[in-house]
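Shown next as structure tokens: one chain only, the form predicted alone.
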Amino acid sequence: MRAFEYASPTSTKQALSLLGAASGGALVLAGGTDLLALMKDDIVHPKRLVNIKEIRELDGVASSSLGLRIGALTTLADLADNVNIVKDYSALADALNEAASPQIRNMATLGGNLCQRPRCWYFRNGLGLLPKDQSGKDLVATGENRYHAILGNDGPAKFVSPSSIAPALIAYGAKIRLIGPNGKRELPLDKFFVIPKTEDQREHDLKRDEIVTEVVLPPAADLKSAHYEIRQKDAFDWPLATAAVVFQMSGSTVQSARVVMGYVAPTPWLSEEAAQAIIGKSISEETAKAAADAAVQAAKPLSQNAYKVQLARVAVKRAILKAGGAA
């Protein structure tokens, strides 16, 4: 690991000053479960680490009539145990309980989970986010790609978004709040994730001198929701495909729907096709299958990952049936 400066501010104002003073050479440290591994592997080598764990206002969950405000420093373990999340946001609670391992959940923060870097083995071996050989040939398209994207992979980005929490948050319509030297800004969480087209572009809409401060969830009373995850083993493992669904019902009919898949694209994949296939219908084996088919109709598997199309289809179908109580 290379030498670096270390700072531990107690306010966002101090943190932003320390980030800006490093002229792009500083990184934010929260739980550190991803960043420290990247540093040890020499994938990133910041000149300065700005530890934000002492900024108290970035921690905790607050409930109101407007929904939930979740501080970016709240650990996944604390979120999984939160009474309001367990009661009203069951899909998120399931995603939190299935994320990583108990040891990591006790350290990993919500903001860090959303901002973690891809698990793509090309990236983790120092070949870049959009790896190419010396002749400019796409290494992922022509190499080992069994765990890579089947959707949103038309361009050079073929990694999959690594957050297993983001799809559930997006399904509930979450917003993310950021602060930087130019002030605060808020955007829908699905817009926070972007598909880079060049190597110097990040996979998050987060400037180098900005900090994630919180995630805001709208009220979820009377919603039906579910999360479904497929992985090779029950022990700690990265998912192969996930799906999160949230329905607003009118009697037995789906009035509105959000269907979000994970681990199938460079971003959490919000499927309008799947939502439209189920809106106006009741939840049944037939309608769940139709929505699942619609969710993967645009899939373009690579040479070794066609199996993920079926896994994504199954994840969506089972999440829909689970949300509807028909599983």
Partner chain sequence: MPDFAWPTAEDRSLIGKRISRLDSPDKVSGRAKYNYDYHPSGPMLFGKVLRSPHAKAKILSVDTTAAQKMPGVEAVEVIQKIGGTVQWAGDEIAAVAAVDEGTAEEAIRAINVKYEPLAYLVSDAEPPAGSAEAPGPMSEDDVWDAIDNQMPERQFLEYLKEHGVSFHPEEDLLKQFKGDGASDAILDALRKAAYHEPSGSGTRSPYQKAAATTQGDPDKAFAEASVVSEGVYGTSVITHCCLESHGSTAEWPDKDHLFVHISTQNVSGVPSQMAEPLGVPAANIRVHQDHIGGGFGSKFSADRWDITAAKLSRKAGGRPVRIMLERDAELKVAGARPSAYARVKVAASKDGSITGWQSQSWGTGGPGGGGSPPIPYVFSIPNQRKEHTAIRNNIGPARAWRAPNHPQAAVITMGALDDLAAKINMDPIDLWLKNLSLTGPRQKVYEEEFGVASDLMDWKQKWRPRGQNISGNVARGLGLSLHTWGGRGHASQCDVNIHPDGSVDVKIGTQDIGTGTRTTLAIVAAETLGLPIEAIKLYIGDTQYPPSGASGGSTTPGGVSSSTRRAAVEAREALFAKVAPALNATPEQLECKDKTVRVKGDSGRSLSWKEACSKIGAVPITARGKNPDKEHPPDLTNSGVGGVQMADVEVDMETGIVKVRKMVAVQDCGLIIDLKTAESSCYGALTMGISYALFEEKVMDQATGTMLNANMEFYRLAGYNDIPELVVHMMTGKGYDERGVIGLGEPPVISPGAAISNAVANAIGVRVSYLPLTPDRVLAALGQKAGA
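Numbering follows the first chain given and starts at 1. These figures come from a predicted structure and were not determined experimentally.
Beyond what is shown, the protein has a form predicted in complex with the partner chain; the following relates to that form.
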Review point. So which of 83-91, 171-179, 113-121, 70-78 is the stretch with heavy atoms within 4.5 Å of the partner chain in the predicted bound form?
Key: 113-121
Point to revise | Heavy atom within 4.5 Å of the partner chain in the predicted bound form - the one residue of 202, 185, 197, 146 that qualifies | key: 146
Check your understanding: Closest heavy atom of residue 311 to the partner chain in the predicted bound form, within 4.5 Å or not?
Key -> yes
Check your understanding: Quick one: does residue 107 come within 4.5 Å of the partner chain in the predicted bound form, counting heavy atoms only?
Key -> no
Check your understanding: With the cut-off set at 4.5 Å between non-hydrogen atoms, does residue 216 touch the partner chain in the predicted bound form?
Key -> no
Check your understanding: If you check in the predicted bound form, is residue 231 within 4.5 Å of the partner chain, heavy atoms only?
Key -> yes
Practice item. May I ask you to list the residues of 232-260 that have any heavy atom within 4.5 angstroms of the partner chain in the predicted bound form, in sequence order? Key: 232, 233, 234, 235, 237, 238, 240
